[in-house]
Ligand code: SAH
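The chain below stands alone and is given in structure tokens; this is the form predicted alone.
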Amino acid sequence: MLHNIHIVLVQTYHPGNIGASARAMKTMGLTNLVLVNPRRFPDPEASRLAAGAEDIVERARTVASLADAVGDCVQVVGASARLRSLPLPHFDEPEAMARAVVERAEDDPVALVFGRERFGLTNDEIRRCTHQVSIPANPDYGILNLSQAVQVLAYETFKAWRRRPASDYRAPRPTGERAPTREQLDHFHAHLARVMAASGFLTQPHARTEAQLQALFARAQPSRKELSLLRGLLRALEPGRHDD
């Protein structure tokens, strides 16, 4: 199950932080590292700071965008300070986040996303997430190094997996009952935007309305079968009834 948990680092500036993050992952049994447009990679500093986790660095997948990194994931948790202007579901405690992630990862890939060392994730990148999580820290100095943040969330995830009662293990859910992937949700939201524009509900692009609707569906957590039902409704309402 732990192999389904992906650690995603977005535009990492210092290659040493990639190696240190890989080391943090390996100590907690996580093996899938995804790098979004890193500044320098491969780099000897990444391997040096991995200190025994060079295999994770060597297997790291490099992609051009966050969309490419999380398209197959059913839950995408962005590590950031809480942004009330982006009303995504928010985990105030990493422990609660870890329990949810472990449950989802039993069936499908999930992602924990970390931003740049200097300013974290952009608002647009957070909108590509399904949830946010914050790490409680000293309010007078709550700054964590990138690899430290990875270590905290990796530890909570490993702890949730290790403490999960044996009675919680179950057979895989049928496909229709599982959560949709980020790519499937993106197609749905694009379809919804088309229908809203064609109906006159939106007369011009309105990012705020679309962000609120995305947050609504993130909170609702529809299954793949339910999302397919909504897509069918949109097709019935859409002039011309064209598909993706």
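Quick caveat, the model's predicted, so the values are computed rather than measured. Just count from 1 along the sequence shown to find any residue number.
Beyond what is shown, the protein has a form predicted together with the ligand; the following relates to that form.
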Contact between Phe114 and the ligand in the predicted bound form at 4.5 Å, heavy atoms?
-> yes
Just to confirm, Cys129 within 4.5 Å of the ligand in the predicted bound form by heavy atoms?
-> no
Please check if Gln151 has a heavy atom lying within 4.5 Å of any heavy atom of the ligand in the predicted bound form.
-> no
Proximity of Gly142 to the ligand in the predicted bound form, heavy atoms at 4.5 Å | yes
For the chain seen here without its partner, which of 67 to 75, 154 to 162, 132 to 140, 101 to 109 has a heavy atom within 4.5 Å of the ligand in the predicted bound form?
-> 132 to 140
Could you run down 55 to 79 and flag each residue that has a heavy atom within 4.5 Å of the ligand in the predicted bound form?
-> Ala79
